[in-house]
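Before any questions on binding or motion, here is one chain by itself as C-alpha cells, the form predicted on its own.
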C-alpha cells in the first residue's frame, strides 16, 4: 500500500535511536548477553545498514557506501542481500568502534537528507520512496524496543543491578505498572458470537503479516478487564504453580525444570521478599502492576491455574476494536478512549505485550514479496506464538490493534505478560 513520504518521521526515528544510547559507555554498547540479544552498537549499525541497503543504494544515483564490509557485518537475516556475520557472535565485534558506527550513521543520515530533499521535487521518486521510508521508520522503531529489552537483559546479568535511567520527577516510562491494575478482583467483558473481519484496513502503515484482511468466526467469549498482576502471579507461585505438572504443557514443564525456573525473569527473593530488576534499578514488586517477562509456557500454565485460557489473536483484536479501552495509548488509531476509572479493557496498549494462544502463521491469502524485503516477516511463520498490544518499551506511535508481534514459547526477555480469556 502506498504511503506518504514524511521526512520528519525519518529524522525523529533516527534521533530517538541515538537517544537510547545517551550517557552510555562504549562497553555498555558493545556487550552481548545472549544469542537472542544484540549489542546496542550493532543495533545502531544495523538500522543504518537498512537505510543504506534498501533505500540509498537502489534510489540515490552515485551513492557510495562508507565501508562495504558493513553489508556483511550488519545484515541481520536477509539472504537475498548476502551472507551475514553470525548472530551469536555480534558481541565479539570490538571493531568497528562505537565512534566508527556513529560516523557510519552520520554518513547515511546525510545521504538520506539529500535523497529526501530531492524527492520533494520529484513526484516519481516520492512515489517510489513513500512505502520504503515508512517501512524503514517502523523497522527503526522495532529496533528501538529491542535495544531496550536487549540492554535490560545485559544489565540484568550484572550483580550490581545497574540503573539505566534514574526515576526522576516521577518518570517511570519503562515500568509496565505505571498504571496499576485496579483491585484484586478480575472483571470480565463479554463478546457475542459472530463472523468478524480481522487484519489491517485503511490507509495507515502496517506490516505485511497484518494482511490480507479476512473474516473469522468467533464463538462467545469473555476477556479479562486487566492484565494478570504481580499479586495474581504471586498466588500462583505460593500455590506451587511451578511444580504442579497438571498446569503445564509437557514441553513447558520440562523447560521450567531444566532451567530451574520458579518465577518471572528478573524476580529474586531477598530476605523472604520478592524484588524485581527494572531499567530504573531493582525495586520492590508492586502487587498491582502487570506481571511481566513471562514465557508463553508460564502464561499458559497460569491461565490453567486461574480456570481460564489465553485469548486467540482474533479474539484479542476483535475486543480491542469493539470495547472501550482505558489507559495508555487508548486514543491510538480508531480506538475510542474513555475516562480513566471507567469500565472497559485496561492496559491493552503500552503496558506489556500479551501472549495469545495463536501460532504465528500466515493469514489466508498472504503472499510475501519475492525480493529481499519479502524476508521481513513471512519466513518466520513457524514455531512461534503471537503477542498483541505493545509494551512500555514500544514507541507510542508503533502500536495498533492489528499489530502481530511473535516470539518462541520460551521467550522471557521481552516485556511480555498475560491477559486471560474464557469461553462462554
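Just so it is clear, the model here is predicted, and its values are computed rather than measured. Residue numbers count along the first chain shown, from 1.
The same protein also exists as the form predicted in complex with another copy of the chain; that form is not shown, yet it is the one meant from here on.
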Worksheet item: Can residue 33 be called a contact residue for another copy of the chain in the predicted complex at 4.5 Å between heavy atoms?
Response: yes
Worksheet entry | Any non-hydrogen atom of residue 381 within 4.5 angstroms of another copy of the chain in the predicted complex | yes
Discussion item. Whether residue 98 contacts another copy of the chain in the predicted complex should be assessed with a 4.5 Å heavy atom distance threshold; does it?
Written reply: yes
Discussion item. In the predicted complex, is there a heavy atom of another copy of the chain that lies within 4.5 Å of any heavy atom of residue 41, even though the partner is absent here?
Written reply: yes
Discussion item. To test your reading of this chain, name the stretch in 83 to 91, 260 to 268, 283 to 291, 105 to 113 whose heavy atoms come within 4.5 Å of another copy of the chain in the predicted complex.
Written reply: 83 to 91
Item to complete: Could you tell me if all three of 72, 162 and 361 have a heavy atom no more than 4.5 Å from another copy of the chain in the predicted complex?
Response: yes
Fill in: in the predicted complex, the one of 245, 202, 240, 120 near another copy of the chain [non-hydrogen atom within 4.5 angstroms]
245
Response to the item:
Exactly one of 216, 132, 323, 256 comes within 4.5 Å of another copy of the chain in the predicted complex through a heavy atom, and that residue is 216
Worksheet item: Using a 4.5 Å cut-off on heavy atoms, which residues of 228 to 251 contact another copy of the chain in the predicted complex?
Response: 245, 248, 249, 250, 251
